[in-house]
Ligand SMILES: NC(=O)c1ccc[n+]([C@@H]2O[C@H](COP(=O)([O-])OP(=O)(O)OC[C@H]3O[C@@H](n4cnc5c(N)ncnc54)[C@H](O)[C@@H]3O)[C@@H](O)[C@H]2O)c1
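As structure tokens, one chain now follows by itself in the form predicted on its own.
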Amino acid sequence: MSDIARQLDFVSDHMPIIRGIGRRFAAGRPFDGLTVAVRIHVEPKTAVLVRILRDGGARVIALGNKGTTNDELAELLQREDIEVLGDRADDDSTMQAHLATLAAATPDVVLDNGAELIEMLVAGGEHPRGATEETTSGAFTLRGPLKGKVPFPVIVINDSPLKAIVENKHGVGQSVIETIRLATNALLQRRRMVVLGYGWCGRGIALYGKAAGADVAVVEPDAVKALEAAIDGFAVSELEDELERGDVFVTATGAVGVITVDHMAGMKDNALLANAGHFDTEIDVVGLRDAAESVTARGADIRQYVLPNGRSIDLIAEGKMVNLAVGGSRGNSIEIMDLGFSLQALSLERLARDPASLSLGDQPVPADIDDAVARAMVAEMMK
């Protein structure tokens, strides 16, 4: 047995909720005859999810995200009759080509991660039974450019209070701080950490950063969230006021270009930047590359960019999702994703079996699914 197969067995053993759902899927085969397109990071926890979809009768076609695919795992899944597109080295153009391949497969049910596949299906006039959307970034797209244009139900997993509290706050918060330490081997105690965005992911990063000893400041334009950050005990500031003070900057906004080249030019020398958001556009990495007078690799996952004013920026994982793009990182903890992927599995089953029970367009996870998964996780935690 290969190392990745052993790792996958270990992960599966620690995901009891989704294993139970998988046994039911294998018996009832709710996806018989259906093609399920899965756009999500290709790593061991997601492999457990795609396996139970396959065992439930689906033809599964999976595509990872830029810089986060585990190539050895992708090969293993291919041998198990799960189609996997792309690899870890994919760039923007190849990712778009793979998305077009996914859309051309005319999937019956879609699991999306950033709403790019949903957007492509809508543009092409394709109408699957329905889709799920995993991320804050994808929810922004559904409620912005795609508002009123999606002619099929989309269950936004990110709207579930379970995902917000358990996965986004505690899962992302813990894994982002652990991965920054992994990539840098740097001490966080008494260093000024500036967290951009105080949504659920930002809350978690601030919380776990504080627990690691960092002096945390939050940048948040929404007045209510800013107040919450202050009540939670964090300094609340404007980004411009933190440029000379911050040692570590972490983006978690779901927006584009929140840290610009002008911001980076104003930061202290050797400021460290990381992105926890879904897309690698929260930090203007393209502008940084264009502006830099030199670029030097500082280990496997850090590049130093020297700007015309002589100041240097250290960027982790080229601005990709830090807790999966850094070498050796493993994303959110196994038990956290047992909950998250159970929400996904049951929502996909609802779309496959009873799409008429759902309204068109974006909507939250059905309350009975939230309730069932919450009860299952509490039962597991109390054992």
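Quantities reported herein were computed from a predicted structural model and do not represent experimental measurements. Residue numbers here begin at 1 and follow the sequence given.
There is another form of this protein, the form predicted in complex with this ligand, and it is not shown here; the text below is about that form.
Figure note: of the listed segments 191 to 199, 83 to 91, 264 to 272, 291 to 299, the one touching this ligand in the model of the complex, with heavy atoms no more than 4.5 Å away, is 191 to 199. Though the partner is left out of this view, Leu53 does not reach within 4.5 Å of this ligand in the model of the complex, counting heavy atoms only. Contact between His278 and this ligand in the model of the complex is found at the 4.5 Å heavy atom cutoff.
At a distance threshold of 4.5 angstroms between non-hydrogen atoms, Phe152 is out of contact with this ligand in the model of the complex.
The closest non-hydrogen atom of Ser137 lies within 4.5 Å of this ligand in the model of the complex. Proximity to this ligand in the model of the complex, defined as a heavy atom within 4.5 Å, holds among Val258, Leu102, Leu121, Ala183 only for Val258. Among the residues Ala115, Ala214, Val219, Ala131, the one placing a heavy atom within 4.5 Å of this ligand in the model of the complex is Val219.
Here the marked residues Val172, Lys225 and Gly254 all reach this ligand in the model of the complex, each with a heavy atom within 4.5 angstroms. Looking at 304 to 321, the one residue that comes within 4.5 Å of this ligand in the model of the complex, counting any heavy atom, is Met321.
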